[in-house]
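The chain that follows stands alone, in the form predicted on its own, written as structure tokens.
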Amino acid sequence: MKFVVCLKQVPDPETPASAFKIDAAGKKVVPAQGIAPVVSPFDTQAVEAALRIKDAQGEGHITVLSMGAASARDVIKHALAMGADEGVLIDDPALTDVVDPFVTVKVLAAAIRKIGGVDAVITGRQAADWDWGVTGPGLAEELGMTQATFAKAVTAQNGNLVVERVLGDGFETVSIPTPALVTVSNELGDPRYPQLRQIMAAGRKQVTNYTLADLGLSAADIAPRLTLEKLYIPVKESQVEVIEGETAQEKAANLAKKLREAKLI
């Protein structure tokens, strides 16, 4: 089988709150000093899902695909070290700071069509930065693929993908024909950790760069449909007043008085 696994580079979810900053005027997150971005955690589980199928079948080809700046090669290299076969990076100035999932879907779908002959597209259930969870289903719609979301296990049987899905009150197992798209949840389990030998081997694997022109797209083709009005860190405020009193009864009376003054009772 031929797989495409979509990856996204995100700010490290473990970044301390004190180091997390917003550029309100630019409507973007300010990279934390000394904390490198990472691959979105659900995406490494998507790579793991494809690798498990490949291991079970004894064959297969896995292409990892990412859209972002040149630094996103790092997340591609991590997936290659896990065992993926090749990487594709879509890097174009027109895509800088894209936050519109419609644009992301259009660009990724164009790249998947260019790769061609894909049996299955696997993504994480959602990205760890915006948490929208719409890229996978959007890709299935754009590519005309059957889909199954929130997978905790994926296997291949007789040309179909058998997917065990996580529901709000249990699980269900479905069989969907390929080509198909599956989004993977954390219930899949921990992804494999690359060993030093695999990390060294990943350096020799190919990473192809695409621009919008390579995909047959222009700036007009990726006109945003979503407008980011405001990006900010919520302000949390609290007011605490200690009710004094010599006895429990006096404290209760003083509390009742305060509540009456506030017209709460």
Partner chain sequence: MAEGVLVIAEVADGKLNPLTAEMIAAGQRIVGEVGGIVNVAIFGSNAETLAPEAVAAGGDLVYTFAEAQLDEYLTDTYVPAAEMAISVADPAIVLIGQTSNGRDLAPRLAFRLGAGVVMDVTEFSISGGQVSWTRPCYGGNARAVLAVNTPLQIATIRSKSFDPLPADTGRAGDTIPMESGIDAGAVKQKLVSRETAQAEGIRLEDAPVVVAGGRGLGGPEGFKPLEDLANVMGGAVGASRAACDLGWYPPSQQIGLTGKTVSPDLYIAVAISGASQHWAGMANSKNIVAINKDPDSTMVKNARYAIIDDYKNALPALIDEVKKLKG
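For clarity, a rigid core is taken as the largest C-alpha set superposing within 1.5 Å between two forms. Positions refer to the first chain, counted from 1. If you're wondering where the values come from, they're calculated on a predicted model, not measured in any experiment.
Beyond what is shown, the protein has a form predicted in complex with the partner chain; the following relates to that form.
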{"item": "Site test, Phe102, Leu228 and Leu231 vs the partner chain in the predicted complex, non-hydrogen atom cutoff 4.5 Å", "value": "yes"}
{"item": "Candidate from Asp74, Glu86, Asp129, Asp91 lying within 4.5 Å of the partner chain in the predicted complex - any heavy atom", "value": "Asp129"}
{"item": "Region of this chain that lies against the partner chain in the predicted complex, out of 78 to 86, 111 to 119, 191 to 199, 142 to 150 [heavy atom, 4.5 Å]", "value": "142 to 150"}
{"item": "Contact test in the predicted complex: Lys258 vs the partner chain, heavy atoms, 4.5 Å", "value": "yes"}
{"item": "4.5 Å heavy atom contact, Phe42 to the partner chain in the predicted complex", "value": "yes"}
{"item": "4.5 Å heavy atom contact, Ala156 to the partner chain in the predicted complex", "value": "no"}
{"item": "Ala248: touches the partner chain in the predicted complex, heavy atom cutoff 4.5 angstroms", "value": "yes"}
{"item": "Residues in 175 to 191 with any heavy atom within 4.5 Å of the partner chain in the predicted complex", "value": "Ser175, Ile176, Pro177, Asn186"}
{"item": "Rigid core superposition, Pro13 Cα moves 2 angstroms or more between this form and the one not shown", "value": "no"}
{"item": "CA of Leu255, rigid core aligned, shift of 2 Å or more between this form and the one not shown", "value": "yes"}
{"item": "Per-residue C-alpha change between this form and the one not shown, Glu244, threshold 2 Å, rigid core fit", "value": "yes"}
